[in-house]
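Single chain ahead, written as structure tokens, the form predicted on its own.
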């Protein structure tokens, strides 16, 4: 999270943290394990009242930012979500809200209003299953048929699909991409739950079999959505990275406290030189994760030319070194670190899922290599 928050951002952070501590403490998170949605509708509505869903939405559409960079402000919320392993579809709802604000027409106004008020949620259907599960690979088809658009394909994983009122579907039209907002209850849609290690987030397989919607449901121009999809992907990565760093910070702080409280052979664990070296490595990884996450967020918010490169660097670094840091936290806790009763697993679960969403570290390293090759070809 940002090293220096403005007074308004700090108030926003504190308000969010207090709300999460009151409404989704660890005891509640454990009970939500068996909840079909993973969160309560009233909880999400109250979070929307705090501004969780409005930061990527323009002021003329009912949104607004705190600092003038809504995406950066959203990372403050995401960090607290990670630090509390909090429930709720923060990433997909904000990505869809931002897309509706930027690209939507009067047809989409009602959907955006519901997202801002928290009375409805939306999710983004981007990724697809094997063998077409690589980052950026899209095989779902969206074709024009008169004054309608027809959607065929399968998307997975889709967060909160069964609870969403609207599905933003990214599909292929010819050689380019198209995006369309589809009601969840449209004819031809089937939703199947998936298993996940996260206690409160729910993911689904969504199948589209000849789903028809009016042509006006498209966001932006049909067959010309590649740049829009790239922008949304960068925004999603920024939020996921910030959440991951929040989870890492919580796990690290918990482990430091444990190392000073836990005595062995008459000495606290923290006094052993070998563990001091491990803590030094963990602290270096954590501070670097904060820094690259913030740098990428600022670049994407400003639309900088190197935003795509930075956000992939951040995802690759946080996914790789974050996993190492989290495993060290588990090991330093000893046997208690792998029990369900201890809180550490909440953050391990959150990081594990975030690490896989919107591209694995390996996929983002490959993406970086492709960017470098492309730049050399231009030169």
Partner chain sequence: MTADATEDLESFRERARSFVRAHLRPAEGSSSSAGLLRADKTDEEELAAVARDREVQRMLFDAGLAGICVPTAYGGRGLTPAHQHVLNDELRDHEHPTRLQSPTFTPCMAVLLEFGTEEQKQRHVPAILRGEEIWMQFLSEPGGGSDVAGALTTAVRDGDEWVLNGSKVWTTGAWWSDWGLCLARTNWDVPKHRGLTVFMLPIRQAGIDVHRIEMLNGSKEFCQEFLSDVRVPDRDRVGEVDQGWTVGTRWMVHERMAFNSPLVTVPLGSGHAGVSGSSMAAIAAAGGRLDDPLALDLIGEAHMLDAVGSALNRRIGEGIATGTMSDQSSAIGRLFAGFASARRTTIGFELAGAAGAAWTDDDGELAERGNDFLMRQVSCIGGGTTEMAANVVSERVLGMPRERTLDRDVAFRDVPRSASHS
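If you're wondering where the values come from, they're calculated on a predicted model, not measured in any experiment. Residue numbers count along the first chain shown, from 1.
The protein also exists as the form predicted in complex with the partner chain; that form is not presented, and the subsequent description refers to it.
- Site annotation in the predicted complex: the residue of 143, 212, 290, 231 reaching within 4.5 Å of the partner chain with a heavy atom is 290.
- Only one of 221, 261, 137, 281 lies close to the partner chain in the predicted complex, with a heavy atom inside 4.5 Å, and it is 281.
- Looking at the partner chain in the predicted complex, residues 39, 109 and 163 place no heavy atom within 4.5 Å of it.
- Contact check for residue 277: a heavy atom falls within 4.5 Å of the partner chain in the predicted complex.
- Residue 347 falls outside the set of residues with a heavy atom inside 4.5 Å of the partner chain in the predicted complex.
- Taking the partner from elsewhere, residue 313 is found to have a heavy atom lying within 4.5 Å of the partner chain in the predicted complex.
- Residue contact with the partner chain in the predicted complex: residue 17 places no heavy atom within 4.5 Å of it.
- The stretch in contact with the partner chain in the predicted complex, judged by heavy atoms within 4.5 Å, is 364-372, chosen from 7-15, 21-29, 351-359, 364-372.
- Shown here without the partner chain, the chain has 309, 313, 316, 317, 320, 321 in 307-339 lying with a heavy atom within 4.5 Å of that partner in the predicted complex.
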